[in-house]
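Heads up, the chain shows up twice below as structure tokens, two forms, tagged structure 1 and structure 2.
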Structure 1
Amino acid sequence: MKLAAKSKTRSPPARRRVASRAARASETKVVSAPLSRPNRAERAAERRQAIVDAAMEEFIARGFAATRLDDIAKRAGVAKGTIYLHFKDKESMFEELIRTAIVPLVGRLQAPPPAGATVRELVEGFALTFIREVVNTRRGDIVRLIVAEGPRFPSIADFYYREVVSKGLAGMRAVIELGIARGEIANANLARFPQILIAPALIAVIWQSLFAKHAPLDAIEMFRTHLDLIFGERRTT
């Protein structure tokens, strides 16, 4: 009886060996565990983004009217029915393009100016961002598409005005009023027409698609010259 009881009791070294084997087995399981796969929500978001990207390419290549949902689905690599899980029609897809590609840029106008920055520096910084991120990019193609097809599809133009133009004008008006209050802008009537301040940006977008091959435009220097007319010529050091 004592021998039997003794054989069931492991010595400390034996217990350590068992624990070591268990630890190694646990480590092996952790290392060999498969990587987590995207969940359903992540896969749906990826498909939605693929559809939006495909829609952008089709709209730019064919125009809004000529673009078909079949072509968007084919480019996105999804079934046509999948599109309707995310968007009700072409118009809602185009609105998503505007919302994701253009609206965030306009939102920067509503941010407070950096400490110590002049109003001119604030406007010029925004203009440089717009020119670099819109004029020569796919965002610029979206703006040109709205200019070209907005009259035929007023609901799209209305959406663009609500989400982009009205917010951009409000932001510019606030900046102009700040410049007037600080004495940086002499003509107070400019606050009535903030379109004047941002006009060169729109000119650059249109010029790039129509006339750049004939007469390349330095949009950044054009904008700086425009600001000279409003704020006075730049001081050179």
Structure 2
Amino acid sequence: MKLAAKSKTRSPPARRRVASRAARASETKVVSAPLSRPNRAERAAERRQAIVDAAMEEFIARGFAATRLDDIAKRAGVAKGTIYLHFKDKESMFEELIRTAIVPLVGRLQAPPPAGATVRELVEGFALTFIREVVNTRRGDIVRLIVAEGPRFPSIADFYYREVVSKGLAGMRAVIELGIARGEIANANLARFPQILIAPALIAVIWQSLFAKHAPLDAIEMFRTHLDLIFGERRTT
């Protein structure tokens, strides 16, 4: 009983501009055509990205359960059904978003290995990157989201542990051991708990979300002070 007859009026949904056939004839197979005239596949990818972006915003703002797919669709400028062309269901979408949001974050942090630097400079470099790229951006909210929803999405917590936490900590441990070997770090026990090195960064993430409006926190200065504890008073700057 789909009273179909009435739907002739379908509001024409602002279809994106495209041009036609003359062009098609001249350039049949240009693969990576620049964004001037997106073809079907490119437009689809665009829309998927719009959905991903919109979903991220909504999930960050409301958490998993309270986020409405209608709102995601609206924000992305697509119909709700379109979401289901790209994602199996709400849960899959959430999991995939969190996963992909995390991956580039790791690469960024383990990327730059400057040669002639002290271990402290190395660590400080990591920290500055983290604070700049995570603490003061939307990515920080993603970290908070993982803390928030992790227990209800064990697969996310597991993935995050494998791909981010264990790798990140292993990297930190290596750096710490280097520092110990070079005599920059006095306390050899620190290598057993690389979490200590990270702790103030995580605190900063949480602080920004919850308490920044009550008392702004200078994450960089806090981290430097923390490094003073680990490496000794000497300050780089």
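This structure is a prediction, so every number in the text was calculated from the model and none was measured. Reference numbering: structure 1, starting with residue 1. Whichever C-alpha set is largest while still superposing within 1.5 Å between the two forms counts as the rigid core.
A.B. asks: Of these two forms of the chain, identify the one that is the form predicted in complex with another copy of the chain.
C.D. replies: Of the two forms shown, it is structure 2 that corresponds to the form predicted in complex with another copy of the chain, while structure 1 does not.
A.B. asks: Taking the rigid core as the reference frame, is the Cα of L210 displaced by 2 Å or more between structures 1 and 2?
C.D. replies: After core superposition, the displacement of the L210 C-alpha between structures 1 and 2 stays below 2 Å, so no.
A.B. asks: Could you check whether the CA atom of L122 moves 2 Å or more between structures 1 and 2, using the rigid core for the fit?
C.D. replies: No, shifts by less than 2 Å.
A.B. asks: Compare the position of the CA of I131 between structures 1 and 2 after a rigid core fit and state whether the shift reaches 2 Å.
C.D. replies: No, its C-alpha moves less than 2 Å.
A.B. asks: Using the rigid core as the frame, report the C-alpha movement of A50 between structures 1 and 2, one decimal, in Å.
C.D. replies: The alpha-carbon displacement, core-superposed, is 3.5 Å.
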